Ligand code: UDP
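Only one chain is given next, in structure tokens, and it is the form predicted alone.
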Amino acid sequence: MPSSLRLLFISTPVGPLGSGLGGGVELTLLNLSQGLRARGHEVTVLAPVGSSLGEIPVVEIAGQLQPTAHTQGRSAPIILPSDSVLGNLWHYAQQHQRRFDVIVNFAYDWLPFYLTAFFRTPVAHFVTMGSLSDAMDGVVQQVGQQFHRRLGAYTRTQAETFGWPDSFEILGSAIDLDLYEFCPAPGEALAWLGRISPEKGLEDALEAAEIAQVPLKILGKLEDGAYWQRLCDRFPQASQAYVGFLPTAELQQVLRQCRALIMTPRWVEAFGNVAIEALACGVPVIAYARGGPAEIVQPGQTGWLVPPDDVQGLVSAIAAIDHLDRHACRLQAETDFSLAALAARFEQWFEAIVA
């Protein structure tokens, strides 16, 4: 095992850890921190005030939250609120940088990339979304050109959205498999899990479930109230189908009882942690062949891939769920997405940066 590293992880500034506003970044931070600490590394996490990361200690930083990148347009200007938590996070990092071997940015924001050249301690960036804005594309590319091996991504598909995927280390994701129970005999319902926001395409899952005449359970953070109201107006069953935003223990109890998870993204998902949460429970995944899920699902074994935006394709896949082996789903999660495997990949990346 390599020598112990002192790592500073800087969280997303869009919301406190545990709020759900950070999406998959929150789960990635928790699981990666656990995996690396188990391998003997020292991990410090910086995050907005009010954050909670299980047993992982968090240094809480005050300030105004940053607007979410996925709600902005491609030509949107860079926004930095007064007394921004983003600026305050990186001020702390600058003041304390000598205590760490590597600083790791998990924020999809312009400022951390711009500041990379001004730090003596190497700054690595785990890019958590695909290309969304011209300004971000430019600064990410600048870091990739100036600093060797400083960019990481979940999947090759995500990295390709920037146009130069070879600049990225492809690192994947993971979950704590001990927190998810295998269920060999599910009920009738399907599951949809994620932030309730237009880019997640929940309406397609609702329509497919309605056509297939099967119940749907909706789980996740209600992020866009106006969008949700439009869905409820169009699909009256939606409000009764909404289970809520649940902690992992409760979430997996609902999820593992479902016949399949449906993923209907309208954008290029960087990864799709919800897919591996489902697989860990033995739940097959039906997903649009768009973004990260296309690199996770093994068609005909652990799920089905459907042409993007093809609701009838979802319906056909729902009809074929029973051809899939739920044991194969759990096996894929154990083989490809364990905390130990994730930590080892990141460890190699950090060692290369330090070297």
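Because the structure is predicted, anything quoted here is derived from the model rather than measured. Sequential numbering from 1, following the sequence displayed.
Absent from the display: the form predicted in complex with the ligand. The rest refers to it.
**Study point:** Heavy atom contact within 4.5 Å of the ligand in the predicted bound form, the stretch among 143 to 151, 93 to 101, 271 to 279, 71 to 79
**Key:** Comparing against the ligand in the predicted bound form, the contact stretch is 271 to 279.
Review point. Given that the partner is absent here, does Leu246 sit within 4.5 Å of the ligand in the predicted bound form, heavy atoms only?
Key: Because a heavy atom of Leu246 falls inside 4.5 Å of the ligand in the predicted bound form, the answer is yes.
Check your understanding: Any chance Ala328 has a heavy atom within 4.5 Å of the ligand in the predicted bound form?
Key -> So Ala328 does not count as contacting the ligand.
Practice item. Report yes if any heavy atom of Arg266 sits within 4.5 Å of a heavy atom of the ligand in the predicted bound form; otherwise report no. Key: Result no; Arg266 lies far from the ligand in the predicted bound form.
Review point. With a 4.5 Å heavy atom cut-off, would you call Arg256 a contact of the ligand in the predicted bound form?
Key: No.
Point to revise | Non-hydrogen atom within 4.5 Å of the ligand in the predicted bound form for each of Pro198, Ala205 and Val311 | key: Spot residues vs the ligand: no contact at all.
Check your understanding: Looking at Leu65, Leu27, Ala294, Ile321, which is the one with a non-hydrogen atom within 4.5 Å of the ligand in the predicted bound form?
Key -> Contact with the ligand in the predicted bound form is made by Leu27 alone.
**Study point:** Listed residue that, although the ligand is not shown, lies within 4.5 Å of it in the predicted bound form (heavy atoms), from Leu190, Val123, Ala159, Leu219
**Key:** Result of the distance check: Leu219.
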